[in-house]
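Shown here is one chain on its own, the form predicted alone, set out as structure tokens.
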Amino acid sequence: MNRKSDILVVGSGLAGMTAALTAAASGKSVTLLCYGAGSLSISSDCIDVLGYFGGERTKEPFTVMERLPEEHPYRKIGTQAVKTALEWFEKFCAGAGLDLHKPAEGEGNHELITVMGTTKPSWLCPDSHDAACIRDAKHIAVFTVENMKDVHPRLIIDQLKHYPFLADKDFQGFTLPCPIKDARRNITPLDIARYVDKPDGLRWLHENLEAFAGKFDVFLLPPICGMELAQNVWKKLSTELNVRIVEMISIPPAVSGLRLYDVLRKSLNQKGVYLAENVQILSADVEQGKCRALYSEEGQRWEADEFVIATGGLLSGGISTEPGKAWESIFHIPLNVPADIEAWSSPDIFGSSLFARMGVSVGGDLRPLDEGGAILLKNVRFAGRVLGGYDFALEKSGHGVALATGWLAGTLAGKE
């Protein structure tokens, strides 16, 4: 069985879904091939553009972007493209019912709070994650739910106290009774968030938090203010209890990331994007520098005029390796890596390593280049973690690069 589209996107993470949405805006037929749940299931709905530069926290990402290495994706596509992608995404999310906002003028990156008691710099975030109010608060309540996995107020408070601007705050920890009876495993924030979408769940959360209203300036909660109805639930509780509620960023299963995933999936359906799940692409049909089709493991041929590849890095299978060699997994584009595999890692456990930075080299239009700088594939663009030249974990730039390159790849593909 063959399927033909104008544009074919491979990858179910933020880069791939963004590319499919922007490509569909051109009016052309778009197919999105997904294999696995994508990175949003283990991350958040916040867009970290550039949290660190040169080992130091970055207040304003765009003031240092031009000082990044030339091979960095931000340098490849340009600062203006990054800004335009962020503006587009902010408007898109607002139209889809998920309000994300950038910091106020002059404030720089948001400082979000995680369930591990750390702060995380991010550029776009929902109001429910915005922790700016904690700076002026005196009394802060930190909540978990009975039998909830990986959310421990005592740990959170002890860790937050290490930050100078939080050291003098009055933190107190509390455990809410678990509303899910006879559970045969530990409860996660995702379990409670899904329960809070129901009337009984919202009532449970309201009644249990109401006992603390008027006693604290801020409530720190796991991300449990619902899934589909999260924005409305957060606003309702904040207003009725007259308290600032901040949802902490959780570890997987990532509640806020799944909220964004649901928004993107619904929008893709509304735009008429054909979505094929559990499709693993293994090879490509290339003639005279152009891709004609991709082949899945079932032998199905997926034809298109333009292609966007957002298959992720090493962990997602977008990049393959063996001792002394590395290559992009679909087109077998060789990556420039040293033969000595010890050089791939860093002696500094918190330093940047080649493992993190390896990926496809592209030009400003995201088409792949050979070692001499010539275009390898005229109708193929790469986006997201499969790109080389950056360390998303060290920089806190993963979603920023995914969004910006996915937006540009889809936009350019739609114009061809």
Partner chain sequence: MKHTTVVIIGGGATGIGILRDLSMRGVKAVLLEQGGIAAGASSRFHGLLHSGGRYAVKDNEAARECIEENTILRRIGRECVEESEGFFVLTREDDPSYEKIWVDSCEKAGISAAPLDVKDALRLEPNLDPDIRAVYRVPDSSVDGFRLVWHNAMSARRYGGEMLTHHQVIAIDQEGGRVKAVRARNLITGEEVCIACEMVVNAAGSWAAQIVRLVGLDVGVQPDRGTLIAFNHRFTSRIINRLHMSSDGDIFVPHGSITILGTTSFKADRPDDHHVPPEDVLRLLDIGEVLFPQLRSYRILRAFAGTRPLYISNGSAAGRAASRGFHISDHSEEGLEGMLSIFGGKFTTYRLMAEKLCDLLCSKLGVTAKCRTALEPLIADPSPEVLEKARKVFPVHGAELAANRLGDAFPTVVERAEAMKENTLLCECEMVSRAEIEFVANDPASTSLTDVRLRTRLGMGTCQGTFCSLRTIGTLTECGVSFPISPAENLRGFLQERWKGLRPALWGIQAREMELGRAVYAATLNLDGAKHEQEK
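Positions refer to the first chain, counted from 1. The structure presented is a predicted model; accordingly, all values stated were derived computationally and were not measured.
Just so it is clear, the following notes concern the form predicted in complex with its partner chain, a form of the same protein that is not shown.
Listed residues 336, 283, 232, 118 were compared with its partner chain in the predicted bound form; 118 is the one with a heavy atom within 4.5 Å. Though its partner chain is absent from this view, in the predicted bound form it lies within 4.5 Å of a heavy atom of just one residue from 169, 75, 149, 206, which is 149.
Stretch 245-253 is the answer when you ask which of 245-253, 215-223, 80-88, 283-291 has residues with heavy atoms within 4.5 Å of its partner chain in the predicted bound form. Interface membership of residue 163, defined by any non-hydrogen atom within 4.5 Å of its partner chain in the predicted bound form, is confirmed.
Residue contact with its partner chain in the predicted bound form: residue 27 places no heavy atom within 4.5 Å of it. Within this chain, residue 344 lines the site of its partner chain in the predicted bound form, having a heavy atom no more than 4.5 Å away.
Among residues of the shown chain, residue 238 is not one whose heavy atoms approach its partner chain to within 4.5 Å in the predicted bound form. Contact annotation for the candidate site: 52, 57 and 313 all lie close to its partner chain in the predicted bound form (heavy atom within 4.5 Å). Contact residues in stretch 331-364 (any heavy atom within 4.5 Å of its partner chain, taken in the predicted bound form) are 341, 342, 344, 345, 346, 347, 348, 349, 350, 351, 353, 355, 356.
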